[in-house]
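Alright, here's a single protein chain in two forms, structure 1 and structure 2, each given by itself as structure tokens.
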Structure 1
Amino acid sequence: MKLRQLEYVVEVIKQGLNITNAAGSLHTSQPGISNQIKALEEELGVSIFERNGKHITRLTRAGKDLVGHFVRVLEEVEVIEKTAADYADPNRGSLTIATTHTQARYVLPSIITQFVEKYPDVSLHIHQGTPTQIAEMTATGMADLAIATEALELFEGLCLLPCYRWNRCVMVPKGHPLVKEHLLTLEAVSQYPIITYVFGVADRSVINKAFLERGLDFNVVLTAADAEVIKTYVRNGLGVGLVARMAYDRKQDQDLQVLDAGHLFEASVTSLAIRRNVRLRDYIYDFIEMFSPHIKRATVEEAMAVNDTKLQQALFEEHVAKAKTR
């Protein structure tokens, strides 16, 4: 039995039983994967997959039982490799972060700069996507960390750590009538076309909920996943922008005026997610604390050790109370 064979089986399952996709993901050949899986089945004396000709159709009963063991073996190998790497060279390795555009553009730059200065020999990779995409990347091991505001809780096997609270603002061209409002209201905002995020990005549902609870009609004329796109169309006079407060850049957005809307919408919480049952390199713990200073190594280890769902939720809510507002 070879570790590579176990890896092939697990990857085929991750790819929806598609050997071609698994071969592409692992940078190997389709026949090579098929032959290695068959060799493993012969050695074990059982079939892992049911087949229709050359095509895999489903896991056998034995396969369903064995796959969990394969995953745990591969996880233990990963722990061994990371433990050895920390002893061999604690300041060399790689860190892959999956996150949204908002985090990558407005929150991470200063933290990344700080991290790179401290760990110049760590290869850093940032992948942007929707919250669902980045949660999946982390759950499947493609990324070490996920940073997002929503969808992370949908994936089992992820440990969630609340980092900070944030809210929204209204962006308008200078001289817009809303600037004259003494206290901004949803009623006033609803009088204008709205440009905001697509659903599934930046907790968009919070915006809709606020208007609906007040019984207000509101006209969303354009949506985008990128706050810079939203600001572009605000500049073009298509509507008022409802974006994350952190997306306002004092230098680049001098032609726009930002109106605080924190009193209009429920605050959102950005969280960091990591896979359970994996060993984090020492510099990853350091990055987490740079991103959110209240999350110490002991906090991460405590959260990863909790397996009960109710206890997980209680611990999450406890840490939410410690999260600061940005």
Structure 2
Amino acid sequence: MKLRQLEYVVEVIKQGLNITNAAGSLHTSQPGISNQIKALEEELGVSIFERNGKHITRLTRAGKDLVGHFVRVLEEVEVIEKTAADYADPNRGSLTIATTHTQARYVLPSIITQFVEKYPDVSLHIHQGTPTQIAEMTATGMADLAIATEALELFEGLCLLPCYRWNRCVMVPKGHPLVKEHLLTLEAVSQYPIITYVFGVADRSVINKAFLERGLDFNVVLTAADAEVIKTYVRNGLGVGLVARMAYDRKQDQDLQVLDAGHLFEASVTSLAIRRNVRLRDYIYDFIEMFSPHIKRATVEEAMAVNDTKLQQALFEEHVAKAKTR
């Protein structure tokens, strides 16, 4: 039995039982995979794949039973490699962060700056996407960690850590009538056309919920996936922007006026997700702590060790309570 053989089997399954595609993604030849899998099957004395003529149709019962163990072996091998890398050179390696526009544009820059200064030999990659894409990238191992406010909890195999609490603000052009309001109210805001996030980004549903609970009609004239686009239309006078508070840039947004809306909406929590059963490099633990100081290495390891779904939920709630407001 060879590790390569296990990898091949797992990749063929990942590629939907297609050896050709697996060969492509593993940068090797079809016959190589075909032969190795056959050799493995012969050594084990059981077929892993059911073949109809010259096509793979599905896993055999033995195959289904075995694949889980294959995956566990390969996961453990990965742990070995990462552990060794940390001893070999704790400050060299790569870090891939999957995140949303909001985090990448407004929250991460200062932390990233700190991080690259401390770890100049770590090559950093930021993948931007929707919360769902982010979660998937992390679950499949393409990214080391995910940072987002939504949809991370949906993925099996991810370990979730709440980082910070945030709320929204209203952005208007200078001199807008809303500025004169003594204390901003939902009623006042609802008088104007609203520009805000699309659903699935930045916990949009919280906004709808707030208006609906007060029985207010509100007119969303435009939705966008990120605050920069929203701000552009606010500048054009299309309506009032309803965005995350951290999306306000003191220097670049001097032509806009910000009205805090923290008292109008339920706070949202931005979380960080990592794949379970993975060893993180030392510098990743450090990054996490830079990003969210209350999450120490021990906190992460504790959360990773919890396997029961209910306990996970309980631990998550406990951490939510500790998350500070940004």
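Here the rigid core means the biggest group of C-alpha atoms that line up within 1.5 Å when the two forms are laid on top of each other. Because the structure is a prediction, the values reported are computed rather than measured. Residue 1 is the first residue of structure 1, and the numbers go on in sequence order from there.
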query: Of structures 1 and 2, the one that is the form predicted alone; finding: 1
query: Rigid core superposed: Gln30 CA moves 2 Å or more between structures 1 and 2; finding: yes
query: Displaced residue check between structures 1 and 2: Asp282, CA, 2 Å or over, core reference; finding: no
query: Once the two forms are fitted on their core, CA shift of Glu42 between structures 1 and 2 in Å; finding: 5.2
